[in-house]
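Shown below, as C-alpha cells, is a lone chain in the form predicted alone; questions about how it binds or moves come after it.
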C-alpha cells in the first residue's frame, strides 16, 4: 500500500491474525480488543474454521459487529456457545486443548515471562496489577502469542518482578526440566515490531520492524539485549482484503483507535 491508511493497532491485529491457522482454538483474557480483532479477521480471511474463546465471558466465537472493548462484555454472548467460567479455567489448565493463548503483562522479559501482579517488591509494590488471572496456564497452551501496546524499557525488561505468566522461565534448561505440555511463547507483537524466540537460548529475537520503524529504535526501547539478526525485514503492511475484513467487524474503530 503506497500510503499509510491503517493504524498501528490494525497492523498488530494483522500480524497476529496471520499467525493463526485454520482449525485451531485460541483464547484470550479480559482486555483483548486486538486479539479479538485478529481472530475475527482470520475467520473472515484465511482461517474460517478457527475457534476462539473470549476468556472473561466464556463465549465461543462471539458474532460481534462492532467489536466491544472487553472479552468480559455481555455482548460477547451473542456467540456459537458459552462456557461457565469454571469450565474455561478447567480447559485452560488441561493442556493440549488450546492451540493459541494470547497474553501480556505490565512487564514482559527476554524469555517471554509475563507479569500482571506487581511492579517492585511483592510486600510493598510501586504498582499493583489485576493479578495472575489465567496467565499461569500459558505453558499448557500449544503456543503463546504475547502482545503489548507499549514498547519501552519499563515494559520489556531483563527479568519480570513477579512471574505470573511463565514463558521460557530462566532459559532452555529450566523450561525443559519442567516437562510442560505446551511449546511456550512463539510470537511477540508490539507497536514497533514483531519478535520471536531464538531456538537455542530462548531469548527474544527481532523478527520484523513495522513500517517507518528502525532497528535502532527497537533496540533503544527494549530493556534487555535483544537478539538482532543480520537482516531484519519490514513487517508486511495490511492488505486491502485484511483491512476490509477488519473494518467490517470493527466499523467504530474499537481496535483501530487503541494506538
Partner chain sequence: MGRTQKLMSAREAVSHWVGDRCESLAVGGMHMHNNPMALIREIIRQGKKIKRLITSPSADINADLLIGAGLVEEILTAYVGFEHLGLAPNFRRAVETKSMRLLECDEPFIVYGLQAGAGGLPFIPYPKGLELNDLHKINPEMYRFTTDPYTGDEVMTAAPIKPSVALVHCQEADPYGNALFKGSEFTDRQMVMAADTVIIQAEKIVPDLARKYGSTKVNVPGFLVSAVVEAPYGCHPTSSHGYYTFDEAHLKEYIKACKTPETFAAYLQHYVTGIPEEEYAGRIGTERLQALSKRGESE
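These numbers come from a predicted model, not from an experiment. Positions refer to the first chain, counted from 1.
The discussion below concerns the form predicted in complex with its partner chain, not included here.
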Scan 208, 201, 217, 45 and let me know which has any heavy atom within 4.5 Å of its partner chain in the predicted bound form.
45
Consider residue 49 of the chain shown here, and say whether it contacts its partner chain in the predicted bound form, taking contact as heavy atoms within 4.5 Å.
yes
Using heavy atoms and a 4.5 Å limit, would one call residue 148 a contact residue for its partner chain in the predicted bound form?
no
Check residue 169 for me: does it contact its partner chain in the predicted bound form (non-hydrogen atoms, 4.5 angstroms)?
yes
Taking 4.5 angstroms as the cut-off for heavy atoms, does residue 125 touch its partner chain in the predicted bound form?
yes
Within 4.5 Å of its partner chain in the predicted bound form by heavy atoms, the stretch out of 20-28, 7-15, 245-253, 231-239 is 20-28
Does any residue in 61-80 get within 4.5 Å of its partner chain in the predicted bound form, counting heavy atoms only, and if so which ones?
61, 69, 70, 71, 72, 73, 74, 75, 77, 78, 79, 80
